[in-house]
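In the form predicted alone, a lone chain appears below as structure tokens.
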Amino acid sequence: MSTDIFSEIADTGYRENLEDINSEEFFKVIKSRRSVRVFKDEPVKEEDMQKILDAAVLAPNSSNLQPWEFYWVKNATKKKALVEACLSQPAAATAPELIVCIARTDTWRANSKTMLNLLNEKEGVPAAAKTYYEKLVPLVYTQGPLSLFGFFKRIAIFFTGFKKVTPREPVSNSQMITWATKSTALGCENIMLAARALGYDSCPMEGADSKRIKDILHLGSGAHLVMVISIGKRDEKGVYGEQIRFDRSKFIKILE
């Protein structure tokens, strides 16, 4: 498996202008984002919800295969069932809006073809980029029935890894779930930061009945619940206490 596409520096001729960023406002958004448990009975503007959802799909993701789906549940009946599936916790029950964040392990093939078609329509795309979607993507993400192809890949990678640096995942259906979840989680973070930037608050909820939620949304086996995010304006009782984070030295390691 050639890794030239990862190590070679390509110049496609494309240039992009950077916007000026107010760093103080950016960090204000991050620091003021809290997991809000109780929301005011105030609506979220339609245009703001659309901006929040647009932010979700701008998140970085693996191979630009965009293995995610974000369901804004507006239907009253489905929303009531969704609240119950979220254990009727106040963060869901009081929220004006709910977004279900789903990781997909069954869309990479179709999305890869879409990417390839888009690249074929553009001028100056390196051949290596097209080869990546034609050959490398199917090799990397195909696991086969019962992960049998993934099992043989695991063996091949084990021996190849003795001789050279080798990407080692995903080589099973469970690792495909991890792969898709990582990208979807980045979209989830964009949702919450976008909501805060627009003056709203959010709560990422993992405490939920994933099977019932998949039934509500009529999702198949390739869909995996990452979280449900509530959106709204925080009630004065909405934040249960000061933010607690352990000493940064416990997690941040600087190697010099």
Ligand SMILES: Cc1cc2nc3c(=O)[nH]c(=O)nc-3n(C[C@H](O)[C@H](O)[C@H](O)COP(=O)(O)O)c2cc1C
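The shown structure was predicted, so the numbers you read here are calculated from the model rather than taken from an experiment. One rule holds for the numbers: they count along the sequence shown, beginning at 1.
The form predicted in complex with this ligand is left out here; the points below concern that form.
> Check each of A59, M205, M49, L219 and return the one that places a heavy atom within 4.5 angstroms of this ligand in the predicted bound form.
Among A59, M205, M49, L219, a heavy atom within 4.5 Å of this ligand in the predicted bound form occurs only for M205.
> At 4.5 Å between heavy atoms, is Q89 in contact with this ligand in the predicted bound form?
Result yes; Q89 sits at the interface with this ligand in the predicted bound form.
> Even though this ligand is not shown here, does S35 get within 4.5 Å of it in the predicted bound form, heavy atoms only?
Heavy-atom contact with this ligand at 4.5 Å: present for S35.
> I'd like to know whether M227 contacts this ligand in the predicted bound form, with contact meaning heavy atoms within 4.5 angstroms.
Judged by the heavy-atom cut-off of 4.5 Å, M227 is in contact with this ligand in the predicted bound form.
> I'd like to check something about R245: if you look in the predicted bound form, is any of its heavy atoms closer than or equal to 4.5 Å to a heavy atom of this ligand?
Judged by the heavy-atom cut-off of 4.5 Å, R245 is in contact with this ligand in the predicted bound form.
> Could you tell me which stretch in 41-49, 64-72, 197-205, 211-219 has residues with non-hydrogen atoms within 4.5 Å of this ligand in the predicted bound form?
Selected stretch: 197-205.
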